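Take a look at this single chain, the form predicted on its own, given in structure tokens.
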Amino acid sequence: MFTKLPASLSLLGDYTGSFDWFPESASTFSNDIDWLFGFISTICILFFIPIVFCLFYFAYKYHKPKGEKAESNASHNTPLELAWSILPSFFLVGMFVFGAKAYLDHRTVPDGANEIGVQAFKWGWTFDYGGGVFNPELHLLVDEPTKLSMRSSDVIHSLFIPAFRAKKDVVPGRYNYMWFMPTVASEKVSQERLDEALAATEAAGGEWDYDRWQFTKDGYKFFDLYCTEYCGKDHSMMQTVVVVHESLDDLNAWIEKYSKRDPNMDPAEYGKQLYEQRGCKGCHSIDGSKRVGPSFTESFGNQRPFATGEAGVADENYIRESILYPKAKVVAGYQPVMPSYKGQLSDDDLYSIVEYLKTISEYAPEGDATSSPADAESSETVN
């Protein structure tokens, strides 16, 4: 029921070309929710049709010309009145029972569920996998119950995964939770297709386009995750992806890949990766355009006027302080809405971000470079 429909009737069609009434069923909740939706919709239609028929039929039958006295009927039919009052109540009770059961299933987290922390902010998501691993993509293990412990840094958001039929508000000032168990693992595209997409993205000099490629930079196809609570002007951009891994080894390998910088990777390149992964791009552009925060092309080395009337140069210490304590020195003309990343970024992460900002800032002195934390530690050892 309610599976295939023409594209013009699809409410949830996307770039995939698969125009279903509902997205793919990919969790233990999906079939129950879809059945309940079909059950309630069918009952509504079965009552709606005869009611509308009677509406038009009686309007026609008892129509009188203007000025003519209407017919009067003071009698009534007790069995009929009892029937249309009592019988529908059984359907209403059934809707309530099935709906309550589905709600309780959504709220009762099974023992041993894997827990992932979620931070929502304008306008992005950060998922905490433990051990200092944070990422804007949600990665799960197939057939494993997962609990999301959610909090908001600013306003009310709402996390919605259509394929899982799971949705819950994320409210500032408190923790909220939801759980689900994915049942469909994400497929991987061919290495040839992935290499083609990576090359095209690199040539364009832009960030990864999930809508265009319909898979992640690691080659996984994904399910969509949206914010469904209006939270500001870029609310429509507050979306990310859900990847379901087929094995624990595959999931752990992905987590290990993003746990820290590869020693052979250039710090500035890793800083760019963090810019794309940690939600920076949602508020800070790299093309000079103004967003929620100043553009990064005007960051390092620039003279900053602050909201307090003071001013200062955006050097390494300022960048570090702005990431860890963003409300300490707010640039004039901008609101203090950036969340703190204290405890979420290592010293090497901060160093890499600074190095990346140097490569794109119009104000960075040529040849300006700082030593990495590892270099500094090595220097202290030698001395």
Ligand code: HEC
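Residue positions are given as counts along the sequence shown, with the first one as 1. From a predicted model like this one, the values you see are computed outputs, not experimental measurements.
The protein also exists as the form predicted together with the named molecule; that form is not presented, and the subsequent description refers to it.
Student: So, a 4.5 angstroms cut-off on heavy atom distances: do all three of C280, Y318 and V330 pass it with respect to the named molecule in the predicted complex?
Tutor: All three within 4.5 Å in the predicted complex.
Student: Answer with one of Y334, W35, F47, Y57: the residue that has a non-hydrogen atom within 4.5 Å of the named molecule in the predicted complex.
Tutor: Among Y334, W35, F47, Y57, a heavy atom within 4.5 Å of the named molecule in the predicted complex occurs only for Y334.
Student: Would you mind picking the one in R304, R151, K272, K188 that has a heavy atom within 4.5 Å of the named molecule in the predicted complex?
Tutor: Here the answer is residue option R304.
Student: Taking 4.5 angstroms as the cut-off for heavy atoms, does K122 touch the named molecule in the predicted complex?
Tutor: Contact check for K122: yes, within 4.5 Å of the named molecule in the predicted complex.
Student: Is there any non-hydrogen atom of S322 lying within 4.5 Å of the named molecule in the predicted complex?
Tutor: Yes, S322 sits close enough to the named molecule in the predicted complex that at least one of its heavy atoms falls within 4.5 Å.
Student: Is H284 a contact residue for the named molecule in the predicted complex, using a 4.5 Å heavy atom cut-off?
Tutor: Within the cut-off, so yes.
Student: Within 4.5 Å, heavy atoms only: does P162 come near the named molecule in the predicted complex?
Tutor: Outside the cut-off, so no.
Student: Based on heavy atom distances of 4.5 Å or less, which listed stretch (48-56, 341-349, 63-71, 27-35) is in contact with the named molecule in the predicted complex?
Tutor: Of the options, only 341-349 has residues within 4.5 Å of the partner.
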